[in-house]
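Listed next as structure tokens is one chain, alone, in the form predicted on its own.
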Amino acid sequence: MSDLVTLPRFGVTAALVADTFQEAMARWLFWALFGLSTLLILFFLFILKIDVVDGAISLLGLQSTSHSFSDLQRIVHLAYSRVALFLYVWGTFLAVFASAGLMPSVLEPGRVGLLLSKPITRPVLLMGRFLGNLLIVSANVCYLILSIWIIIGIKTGMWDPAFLLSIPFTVFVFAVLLCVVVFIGVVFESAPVAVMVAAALMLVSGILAQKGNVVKLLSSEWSRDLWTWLYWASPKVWDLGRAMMNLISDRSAEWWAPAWTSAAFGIVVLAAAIQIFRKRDY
């Protein structure tokens, strides 16, 4: 990190991203992340030795000798959407768990003091770390989803490009949750707390997403308003996952409002983390 003295701002950010990659590999987080993804890919290879197309046709009550191409397309779309949802949840949980330790580590007393003694601003330091985490996870998500897409495509003979929508959806949701991880890392400097908060937001999003039904059951106006406010103020992990499934299944989906409100949540949380980091003494 001594080279930071002579680098321009873009070069400093790139050096911080590279440092994040190096630390992830040194701590075995990088290898563990890709190793678990590889195990999941091998699991899919094993499972798909079964003829999933004929099996799905049988479950749906279709005759294997008379099914049409449209029936097969519907089955494959459905299978792709279910697999995409599984990878969406798996990939996000795994990414949050793997990345949570990388933020508090850079804020350790001796290390952060050394970094801040260089001609580097605190926002650049934080954003470099953020981008490094995001790039590591994005590479893993692409590796995992592309590999499984190829496996399913070879097995079924149907290459549905809509399945690849799970890549931007998963990376986007992780980026929003990573803002939370950064905030918790700055405030509490605790990886376990960051994981618990991010996981809680994922779980709570599923509960808040039921606002259409819950609001009808609430008796008071203030409680209905509170539930609605909590829904719109929090990241829409559940809604985005459902929208992703609908798009892959070739159905209409409402994704824009959940996406921009989740992005706004992430921006506000990340901005708060940067502001707190600016004022903290080390």
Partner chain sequence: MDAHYAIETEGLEKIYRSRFRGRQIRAVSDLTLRVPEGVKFGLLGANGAGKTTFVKMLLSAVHPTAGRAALFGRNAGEPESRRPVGYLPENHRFPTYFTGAGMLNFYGALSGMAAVERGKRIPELLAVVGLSDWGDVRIKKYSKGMLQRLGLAQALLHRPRLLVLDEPTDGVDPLGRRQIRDTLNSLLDTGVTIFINSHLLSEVEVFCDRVAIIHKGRLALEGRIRDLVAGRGYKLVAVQATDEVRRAVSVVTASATLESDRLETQMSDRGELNRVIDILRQSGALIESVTATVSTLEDVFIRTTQGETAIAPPQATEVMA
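Positions refer to the first chain, counted from 1. Values in this document were obtained by computation on a predicted structure and should not be read as measured data.
Omitted from view is the form predicted in complex with the partner chain, to which the following refers.
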property: Any non-hydrogen atom of Val12 within 4.5 angstroms of the partner chain in the model of the complex; result: yes
property: The partner chain contact at Gln210 in the model of the complex, heavy atom, 4.5 Å; result: no
property: Interface membership of Arg122, the partner chain in the model of the complex, 4.5 Å heavy atom rule; result: yes
property: The partner chain contact at Val187 in the model of the complex, heavy atom, 4.5 Å; result: yes
property: The partner chain in the model of the complex reached by all of Leu45, Leu164 and Arg251, non-hydrogen atom within 4.5 Å; result: no
property: Answer range among 88-96, 141-149, 198-206, 102-110 for contact with the partner chain, defined in the model of the complex as heavy atoms within 4.5 Å; result: 102-110
property: Of Leu78, Leu116, Val193, Leu131, the one that lies within 4.5 Å of the partner chain in the model of the complex (heavy atoms); result: Leu116
